[in-house]
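To begin, one chain is listed below as structure tokens, in the form predicted on its own.
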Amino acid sequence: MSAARRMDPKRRRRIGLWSLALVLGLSFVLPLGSYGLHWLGQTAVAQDITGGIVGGENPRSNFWNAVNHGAQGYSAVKGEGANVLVVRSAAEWQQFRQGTIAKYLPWAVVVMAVLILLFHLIFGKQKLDQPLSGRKVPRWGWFNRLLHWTTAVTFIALAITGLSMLIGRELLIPLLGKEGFAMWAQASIQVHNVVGLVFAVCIALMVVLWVWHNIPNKVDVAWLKAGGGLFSKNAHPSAGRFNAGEKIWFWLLATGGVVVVLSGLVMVSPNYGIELAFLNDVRAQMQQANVVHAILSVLWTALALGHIYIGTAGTEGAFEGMSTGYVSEEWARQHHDLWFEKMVEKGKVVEPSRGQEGVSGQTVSSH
């Protein structure tokens, strides 16, 4: 028999009880070991719950207290923000961005998509009142169409990458995994920064080239009162080259879009060593620009869904203007009658037999 089996049962119980007592005793004695340091001549330092120091000053606590109040030290950062160890506003900015903005604002895009779907189910597509005759009216030249489509493509790329950076962690990690999302997030940042420059140039060109056609007038007031004819099957309100809805979209682009571009410039310029004269507290202003950029961009994306819907599935004949440069006579007469009358006076209406070979010398329709 082994020694364990030959051991007396009473002895085993005594060993078990003494082992338990030893464990319990050590659990009380060891935490009191710090007092032994005091008996050996060491000075213990503690901080009470009110922040006061017991037994002398705490250099580490004093150091971080000074850092939190703006004291500078050495850091590897060069240029703006060098030797600033802690930016207190950064925590507040991050909490607001990842909290209020990321959790609630993207729902504006979802709500807009639902409203568009409901509108389409209730009112349907805006049809042309008259059958197509084949006569065409030139509406957009090649450069304006190139500008429009470049802006549209870059806008979509910016919206996808921007939303990926804002809410991608919650939505994409379950689909791509952490490694896959990390690669996508890094690519999104690079694409966003590069495409953003192209988008900024397009916005500037749009404002310069199209502002003259988007000055509000009395006709726009009547158009707005009639709801643009969206909710009625009766006569459509009169409009010039651009109706009031298109003018509103243009001015949103010329104001909110410009602010989005400028706020993006504020965020990326320090990363590329570009100094902006109007920046004095770069880190704080980058945080503010980030908030403005995120809010306006998400709201702009939501409104862009309406613009895309009206120009494609929502209105018969609207898409041809930007795809071919020409619109049907029936579309022009129905949606932009005042502009159509001027085109007739200038002899710009193209008869079916002439195709779309050019504008000069075209047969004029008096219809």
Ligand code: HEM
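Counting begins at 1, following the sequence as shown. Predicted model, so just to flag it, every value in this text is computed and none were measured.
In what follows, reference is made to the form predicted in complex with this ligand, a form of this protein that is not presented.
Though the partner is left out of this view, H336 does reach within 4.5 Å of this ligand in the model of the complex, counting heavy atoms only. For the chain shown alone, F155 is a contact residue for this ligand in the model of the complex, at least one non-hydrogen atom being within 4.5 angstroms. Remark: F181 does not count among the residues lining this ligand in the model of the complex, judged by a heavy atom distance of 4.5 Å or less. Using a 4.5 angstroms limit between non-hydrogen atoms, M206 touches this ligand in the model of the complex. Across the options 221-229, 263-271, 100-108, 136-144, residues that bring heavy atoms within 4.5 Å of this ligand in the model of the complex belong to 136-144. Taking this ligand as it sits in the model of the complex, the stretch 320-341 comes within 4.5 angstroms of it through a non-hydrogen atom at M322, W331, H336.
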